[in-house]
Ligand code: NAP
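Take a look at this single chain in structure tokens; it is the form predicted alone.
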């Protein structure tokens, strides 16, 4: 199948390469220059519009404004190949997902929201969890393409916004888990209990699972090289907050983690992993100053 791909960051590149490995003709475009050797098997094209001359096109762009600029403002839906299905794997707002669904329907194109769970290394190994929602015919058209990319495709119904809401909720819960572990360290280290020993306790008893295993290790090692950047996590928490307000609810834990990520980004740590918020919580009032000093040394 001929597949277009837009957005060759660390996640997008891994997905595009796996589609090519599965035998598809993948033609990709990125806003900044990409070295051909970084995406073996993928053909790089000159224009984003070229990627829409395909049976399906995947979009992995950073946020709503990027998709609006690259896809909508450029009129790519009007010039797309007839019958194309557009798969948006980005984490976007619920409101924008609804808008995209309507615009694709008006253009006579298929649309599927398919945000993913997993870091770039998970994407490279084809073990993503993909949250997919859209009309049955659109899902059926692209489901075979998702198989080589995923551990499991979670089909969430015919309303694309369901997938985007679920993704925001997942990221919200991970952020809450990071903050919970940080606050537990504040208590346990105050009585001299090593954080590694405490995390061994909770992982062996109450809180096993990938999020706790991965982020407890980062908190223990104080290693915050980005798997998922804090500035992107903050964007997701803002989107979740916007939707909570839309449905007339205030979510206190969401507000807390959004504020924690905002402090990290404001302190110049937006390119660190989002688990940096745990380091700031543990350090308390000295977090901003100490981290800035460490970064300058």
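Residue numbers count along the first chain shown, from 1. On a predicted model such as this, the values are computed, not experimentally measured, just so you know.
Only in words, not in the display: the form predicted in complex with the named molecule, which the text now covers.
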Practice problem: Considering the named molecule in the predicted bound form, find the one stretch among 36 to 44, 247 to 255, 230 to 238, 50 to 58 with heavy atoms no farther than 4.5 Å from it. | Solution: 230 to 238
Quiz item: With a 4.5 Å heavy atom cut-off, would you call residue 20 a contact of the named molecule in the predicted bound form?
Solution: no
Practice problem: Spell out, yes or no, whether the shortest heavy atom distance between residue 116 and the named molecule in the predicted bound form is within 4.5 Å. | Solution: yes
Quiz item: Taking heavy atoms only, is residue 216 within 4.5 angstroms of the named molecule in the predicted bound form?
Solution: no
Quiz prompt | Proximity of residue 242 to the named molecule in the predicted bound form, heavy atoms at 4.5 Å | solution = no
Exercise. Could you list which residues of 14 to 40 come within 4.5 Å of the named molecule in the predicted bound form, counting heavy atoms only?
Key: 29, 30, 31, 32
